[in-house]
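Only one chain is included here, represented as structure tokens and corresponding to the form predicted on its own.
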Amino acid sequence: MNILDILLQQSPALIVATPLLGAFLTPLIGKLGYNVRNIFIIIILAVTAFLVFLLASDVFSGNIHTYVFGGTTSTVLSNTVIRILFEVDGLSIFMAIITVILSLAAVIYSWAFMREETGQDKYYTLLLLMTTGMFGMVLTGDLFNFFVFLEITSIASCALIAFWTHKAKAVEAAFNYMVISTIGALFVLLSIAFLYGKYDALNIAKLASRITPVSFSFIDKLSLILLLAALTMKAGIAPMHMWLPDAYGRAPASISIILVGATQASLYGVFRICFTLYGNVIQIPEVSLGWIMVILGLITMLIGVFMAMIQIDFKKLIAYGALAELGYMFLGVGTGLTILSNPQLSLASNSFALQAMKGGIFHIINDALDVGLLFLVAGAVYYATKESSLNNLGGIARNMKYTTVFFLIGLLAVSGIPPMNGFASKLLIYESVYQLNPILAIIAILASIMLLAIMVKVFYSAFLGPKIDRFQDIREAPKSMLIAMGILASLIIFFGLFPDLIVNTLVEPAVKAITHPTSYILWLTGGV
């Protein structure tokens, strides 16, 4: 067995352990100097990225990778043995790839963006802890450990949202996020207690094999409601979205993009609960959630667009745009579930269901890149001008040419304009939603057009409008910030030019994990 085989075998644990170790060592390394610490953190995340893509190469080849802490896979088959277990399928590794891209971009961006700030050792420690929590959420195969990693992510996120403690609105946003996170964590813990009390198991695969139409009872329904309420609230789905714009808007820009990943990790939890844990009962009439997801997706989309229209704060406008994009993900996956759950539809409609799923899942990574880039641009503008109000910005394209180009790329991508990546995923959603109901597709298209109009207005007024005298001598963003924006912009263009490659390589395995949860269950339980 060579070194790569050993690393592959241990990779699920190492993906979580590496940033966790980095978080504990950061205060010590920080004593050696600013540059040494930052290089150390970039190396930590680069090693983590290598491990993620090494594991992805195995999972995307058709394998489901399991790792049991303190034992082997066979040890968890006994009801008397409790082990921490990671189970990685196409959906898990898809989310892990998003996490590592956003975290690495955030650290590179932070090199210059946070240079003048105090408390940087704490900042980077919390950033790595937040990354650790997100990895744990998407890789674990155990409900209780999902709760533990959810709490780690929430605590680190709350502290980072309030990092600028001298700003009252940042502290207020963090407090609101803390309240929402506490309520959500309580719901998750209660649901886990109910399921453990009934089925004497915490492993997701084991629970899924035992939750059947025959055993489905009030306890199962209550647990499902609690889990979905908590995770949709943490994912920022309307009408439980009230925390999201403030949290995104008040956190440092480098943290806003990781918050996008944290939000999507909770969205992953929604899909894992619906399609894997409750996969055996999700399509029976009294449980079918397809139309609920579609309606919530539309509401989220429209609230995001309409609220973005009235914003004057640059980052908060982008935050509402991010909210709207969450609606497209829910709309796509909800449409697929609705079509698959309707026995009256022809078999030909199943292809549209899969197309809807592909569009919704593809849009997750596209949204992370598009919205992430826009947040970094907004942060660069604030870094150069110390101004966040759109009413006080104007003509900055003359001094910030690269930042302007990056904003234009993000604008086109988030609005679904070809040849950017957002067009590919939204087109899949439009086509499949049209098969379900043409009116829904029209609403989704109009929402994108409105978002485009909003972003074009921002582009003209802030970047191309008359130059304000006090911005005559502003400079372009530092190189590290441009590199981070360039990484995301390059991925946006690449995904837009080669969407089939991305769909076939990354998206289809994730969709297969959703639509065929039996593989996830049987890999561990063997049908037990």
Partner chain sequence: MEGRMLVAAGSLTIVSIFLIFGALLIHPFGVPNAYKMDQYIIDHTQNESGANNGVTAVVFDYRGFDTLGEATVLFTAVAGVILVFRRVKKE
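Positions refer to the first chain, counted from 1. If you're wondering where the values come from, they're calculated on a predicted model, not measured in any experiment.
Heads up, the form predicted together with the partner chain isn't pictured, but that's what we're talking about next.
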Just one stretch in 42-50, 483-491, 23-31, 56-64 has heavy atoms within 4.5 Å of the partner chain in the predicted bound form, so which one is it? 23-31
Contact check for 38, 98 and 106 against the partner chain in the predicted bound form, heavy atom at 4.5 Å: no
Contact with the partner chain in the predicted bound form for residue 94, defined as at least one heavy atom pair within 4.5 Å: yes or no? no
Flag residue 125 as yes or no: does it have a non-hydrogen atom within 4.5 angstroms of any non-hydrogen atom of the partner chain in the predicted bound form? yes
Classify residue 113 as contacting or not contacting the partner chain in the predicted bound form by the rule of any non-hydrogen atom within 4.5 angstroms, answering yes or no. no
Examine residue 145 and determine whether its closest non-hydrogen atom to the partner chain in the predicted bound form is within 4.5 angstroms. yes
Residue within 4.5 Å of the partner chain in the predicted bound form by heavy atom, from 160, 364, 138, 277, is 160
Exactly one of 281, 340, 298, 201 has a non-hydrogen atom within 4.5 Å of the partner chain in the predicted bound form; which residue is it? 201
Does anything in 362-379 come within 4.5 Å of the partner chain in the predicted bound form by heavy atoms, and if so which residues, in order? none
